[in-house]
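Quick heads-up: it's one chain on its own, the form predicted alone, in structure tokens.
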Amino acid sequence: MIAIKLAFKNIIGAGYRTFLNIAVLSFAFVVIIWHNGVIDGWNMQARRDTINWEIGQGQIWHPNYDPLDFLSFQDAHGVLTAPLSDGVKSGKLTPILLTTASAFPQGRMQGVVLKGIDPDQTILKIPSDLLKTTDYDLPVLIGKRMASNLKVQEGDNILIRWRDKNGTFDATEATITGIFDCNVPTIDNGQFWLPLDRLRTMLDMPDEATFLISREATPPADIAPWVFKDLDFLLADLDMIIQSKKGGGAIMYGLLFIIALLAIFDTQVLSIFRRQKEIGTYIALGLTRWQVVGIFTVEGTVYSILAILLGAVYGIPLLWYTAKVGWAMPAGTDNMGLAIADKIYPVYGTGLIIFTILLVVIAATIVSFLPARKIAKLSPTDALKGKIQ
């Protein structure tokens, strides 16, 4: 108890030096929570949108399907097995058939991926019901990024050329019947969504699919040779990006945190140097050397506690405001190929706050203890005489 009382008395007596140390450490404390909250909010938003718009609760792939190899699409298709057909009929699965093609907007040629989807599916948020129209021979649904790249609008016609399973080229004119807005670029960039039955007829692939979207996290039994891919696999790339962003941010607030701790370290070193008579007096009054070390170590801990309290004063309203109104992303981020919304709403979890508090307290305690160890080597008689050691 005496160590705590003396620590508070010494900190208050330090004046402006105490305030500067606490202010810098509190700023680092708030920045750490804010940055990690933004990354966690982005992670939750990206995972949620990817699940709702693209992968469902998992996917069942044809064994030849490789989403990163467009040349594999020509052979990545097969007839659905009985368990998969039963899952489609019950609404637990929705099949997707895809192939590469060429589109010719305003006479220009651009490579695209044709994706067939059931217009009646309800697993994904893609507005596939817009493909139900009978007013056009080949209705097509595209995303806003694709519409911007092609410079087309709803109702425009586009010539499409493809090759069926036998290698025969064919072409027809498609009509844009809908343009959807989505934060997941992997279902938008370079992709045309067509009615599944219509694409099967075009490719001469009746009852075939490239992969299936699952409504449930567990696949039907006996799906071989098809392969089930769970959320951990499908979201692995997103998780790696999130971790890399956290690592990059850690460098920024890590430097700020080190500066704050360095200020405390320097303050403790100067304090020990200037207060040698006081240290000698403590020892002469009966305190052990390590009790005196504890006094200076507690001072560093008190710095961190006061910094947390100061950070809470201005940090709570600031973080609450950013969590409510969101953090607007700069223009052009929707073309980065990542699932990023126009606004990211930070998420400040209890675990994040507790971890940051412990980090600040433990780190401040350690940097205060390191210079305080020298007290154990001081000669109390020389200290009382005012001799510099």
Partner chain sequence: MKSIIILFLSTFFLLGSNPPNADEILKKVEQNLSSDNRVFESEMVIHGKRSSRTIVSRSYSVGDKESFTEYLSPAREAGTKMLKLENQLWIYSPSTDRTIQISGHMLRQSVMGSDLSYEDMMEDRKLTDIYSAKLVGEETLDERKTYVIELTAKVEDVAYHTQKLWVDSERFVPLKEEMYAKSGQLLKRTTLSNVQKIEGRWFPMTLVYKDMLKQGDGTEFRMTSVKFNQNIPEYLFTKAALKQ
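These figures come from a predicted structure and were not determined experimentally. Residue numbers count along the first chain shown, from 1.
Unshown form predicted in complex with its partner chain; subsequent notes refer to it.
- Item | Stretch in contact in the predicted complex with its partner chain, which is absent here, among 52-60, 66-74, 347-355, 316-324 (heavy atoms within 4.5 Å) | Result of the contact check: 66-74.
- Query: Are all three of L84, K89 and G91 close to its partner chain in the predicted complex, meaning a heavy atom of each within 4.5 Å?
  - Reply: Spot residues vs its partner chain: no contact at all.
- Query: Which pick from G155, P225, P206, G167 sits with a heavy atom within 4.5 Å of its partner chain in the predicted complex?
  - Reply: None of the other options qualify; the answer is G167.
- Message: Please identify the residue among M109, I305, V113, A312 with any heavy atom within 4.5 Å of its partner chain in the predicted complex.
- Response: Exactly one residue meets the criterion: M109.
- Task: Give a yes/no on whether F104 approaches its partner chain to within 4.5 Å in the predicted complex, heavy atoms considered.
- Result: Within the cut-off, so yes.
- Message: Taking its partner chain as it sits in the predicted complex, is C182 in contact with it (heavy atom to heavy atom, 4.5 Å or less)?
- Response: No - in the predicted complex, heavy atoms of C182 and its partner chain never come within 4.5 Å of each other.
- Item | Non-hydrogen atom contact A171 with its partner chain in the predicted complex at 4.5 angstroms | A171: yes, in contact with its partner chain in the predicted complex.
- How about V293: is it within 4.5 Å of its partner chain in the predicted complex, going by heavy atoms? Because no heavy atom of V293 falls inside 4.5 Å of its partner chain in the predicted complex, the answer is no.
- So which residues in 142-163, when you check its partner chain in the predicted complex, have a heavy atom no farther than 4.5 Å from it? Heavy-atom contacts within 4.5 Å come from L159, R161, R163.
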